[in-house]
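The chain below stands alone and is given in structure tokens; this is the form predicted on its own.
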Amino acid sequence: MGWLYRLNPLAKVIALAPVLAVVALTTDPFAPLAFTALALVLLASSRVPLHSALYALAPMLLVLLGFVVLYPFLIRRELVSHTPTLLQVGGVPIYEGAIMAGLRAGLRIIALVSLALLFNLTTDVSDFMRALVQQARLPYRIGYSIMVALRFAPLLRYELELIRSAHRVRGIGQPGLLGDFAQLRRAIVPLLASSIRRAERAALAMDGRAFGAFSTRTHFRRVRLTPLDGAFVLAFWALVALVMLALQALGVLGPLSFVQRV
């Protein structure tokens, strides 16, 4: 297990939150690329499978393409009319500045998702909820209720696969998109019945343990903040500052913008 997995989830949130805000305010394409590379390097150093990160980032390439294609038609012309005209599409001039604005916006999205993967791919949701309850003082009634609800998701997915397998054994269904839709429609009723049974059992179990009867509860597992968590936060911020200074020294760091005008 890599070092990112061993950190307190709140430490990762504290470290990432201001960096995400900075990346969202960048106005050049180089800073998002640098932070994307930084996130991938940190994931690799923590032994996160590279294909998992690339699989999560693959849809973002379509987002990037969408921004590049749509921005020339949506951006205000006075913002980019001073840049060269690359071509005309239906009488609409396509300015180089508009394409670059779309590229910058798409790269920012990719950088934000890449940094978020530092949390998503290395954090157990149950540990995150425990940290919110134990360190952030989130009421345990809310935190543990959310934890129980999140645990229903894989169970429901498993139930859905069982129902689909039963339908296939009986020869029910047809190939194609319409067949998938019909199969999902047939699975709704048994899936809903199974969900109600599981929710009732969970409610009885929580009631049997006096859930919500007292203002505080003991914890089966403790999630603690350690000196390693503080060191990670400071080191990560220092690394981000070094990246920003290096970009500025190279003359490729644009000004930060609190309002991106479109």
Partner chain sequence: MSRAVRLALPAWTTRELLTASVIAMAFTVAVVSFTYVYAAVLGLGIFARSAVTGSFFLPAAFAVYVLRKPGAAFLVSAVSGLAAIPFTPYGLLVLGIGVLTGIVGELSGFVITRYRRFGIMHVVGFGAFAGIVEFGLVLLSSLRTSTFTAPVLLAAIGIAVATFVLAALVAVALAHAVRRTGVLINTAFGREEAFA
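Residue numbers count along the first chain shown, from 1. Everything quoted here is computed from the prediction, not taken from an experiment.
The discussion below concerns the form predicted together with its partner chain, not included here.
- Contact with its partner chain in the predicted complex, judged by any heavy atom within 4.5 Å, is made by just one of 48, 233, 223, 56: 56.
- Residue in contact with its partner chain in the predicted complex (any heavy atom within 4.5 Å), chosen from 182, 99, 160, 86: 160.
- Its partner chain in the predicted complex is approached by residue 26, whose closest heavy atom lies within 4.5 angstroms of it.
- Within this chain, residue 202 lines the site of its partner chain in the predicted complex, having a heavy atom no more than 4.5 Å away.
- Taking non-hydrogen atoms only, residue 193 approaches its partner chain to within 4.5 angstroms in the predicted complex.
- A residue is said to contact a partner when one of its heavy atoms sits within 4.5 Å of a partner heavy atom; residue 141 meets this definition for its partner chain in the predicted complex.
- Along 79 to 104, one residue reaches a heavy atom to within 4.5 Å of its partner chain in the predicted complex: 79.
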